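The data below hold one chain only, encoded as structure tokens and taken in the form predicted alone.
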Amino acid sequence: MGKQIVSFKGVTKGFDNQTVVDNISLDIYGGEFLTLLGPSGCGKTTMLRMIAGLESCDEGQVIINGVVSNDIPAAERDVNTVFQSYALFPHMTVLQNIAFGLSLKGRPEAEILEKVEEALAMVKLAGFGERRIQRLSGGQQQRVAIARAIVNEPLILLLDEPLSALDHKLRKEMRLELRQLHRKLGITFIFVTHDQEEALTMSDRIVVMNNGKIEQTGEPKEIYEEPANLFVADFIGESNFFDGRVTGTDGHWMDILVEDVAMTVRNRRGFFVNQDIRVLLRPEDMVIQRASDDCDQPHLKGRVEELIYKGNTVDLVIRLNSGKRIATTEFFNEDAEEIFYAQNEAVCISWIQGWEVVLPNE
């Protein structure tokens, strides 16, 4: 990793006697795309606002580019923010909106026009300079807000749920465009969202937050495949959870009992005999077989309750004999029509050994 661009050192912030950021320490590095992810009220936007200088911390330090910035006014920080509402000036043209910050700095008109045209080209709005804001779509307005932020060439670009007002298709397009823009600019992006898919598809690193604390920090693959605890496992993606107990251990492997079925799994966390555990399995980790076939490995038994065709995948909701419902995903092959199970069909359920995540039962 490169140089530390932002550091939180024991930062705490509260409102109305309620702590929203609780003794957080975090380093953010130059040029990375870092996402603060978590449910509403977890403190992620407050952290973003403290970087921007729009909120002060009650305790600790916010360090930007090596300088303690607690008392540095927002206007003097080398940081620009793209807000959820875009905050554009409706009475101005696109060009005037983007040029606003440069005009305040007293830059020459020729330089301003050149930089605005460059910014418009970066966000794929070349030729839109004279348009009025009211004549733009939501996606175009969002691009203008981004262009206005990057035209000042900030050290850090802060993005506070900038895609939340867009429809699903446009959101997916803008995710890709933001990633491409990040690569072009090479500056630090700090992105706030509660959307797990956005975080997984866009980020270099994800910081998962809950109740003002950091639950886990890591690359998207690590966060998804190796969640640190049950909160992260449940919040990121769809999951099946099975309660179980360790019945024996042998080095890196352990015997467990899940739904009264004995299985062997990896022991990555040093579990001990008689410890209560929870086994996490993603829908795509599950292996489904017809009960009429030879189910020759330890398996759970159930019946197909729902079948949902999604084009390239088929999702099954299965009711286990114990009454528990689980979700599975089968990748669809046009030449293998037998993947279509019948409703209420009896099936065997297992998983690929080693793909499970085993956590303490909290």
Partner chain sequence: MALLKRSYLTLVYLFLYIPILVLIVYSFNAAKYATVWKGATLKWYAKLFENEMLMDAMVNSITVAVTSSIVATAIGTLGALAFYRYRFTGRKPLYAMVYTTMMSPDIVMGISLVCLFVILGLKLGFITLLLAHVTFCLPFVIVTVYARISGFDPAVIDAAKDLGAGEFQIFRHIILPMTAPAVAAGWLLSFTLSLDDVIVSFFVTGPEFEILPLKIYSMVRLGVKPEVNALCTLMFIFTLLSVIAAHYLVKEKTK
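Just so you know, these numbers come straight off a predicted model, no measurement behind them. Positions refer to the first chain, counted from 1.
Form predicted in complex with its partner chain: not shown, discussed below.
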Taking the partner as it appears in the model of the complex, which of 231 to 239, 197 to 205, 168 to 176, 101 to 109 has residues with heavy atoms within 4.5 Å of its partner chain? 101 to 109
Considering K184, H91, K221, H252, which brings a non-hydrogen atom within 4.5 Å of its partner chain in the model of the complex? H91
Note: exactly one of L54, A327, I63, L320 sits with a heavy atom within 4.5 Å of its partner chain in the model of the complex, namely L54
Candidate site M286, Q289 and H299: all three near its partner chain in the model of the complex by heavy atom within 4.5 Å: no
Check whether Q134 has any heavy atom within 4.5 Å of a heavy atom of its partner chain in the model of the complex, and answer yes or no. yes
Would Q140 show up as a contact with its partner chain in the model of the complex if we use heavy atoms at 4.5 Å? no
Close approach of R49 to its partner chain in the model of the complex, 4.5 Å, heavy atom: yes
Does any part of A74 reach within 4.5 Å of its partner chain in the model of the complex? Heavy atoms only, please. yes
May I ask you to list the residues of 129 to 161 that have any heavy atom within 4.5 angstroms of its partner chain in the model of the complex, in sequence order? Q134, R148, N152
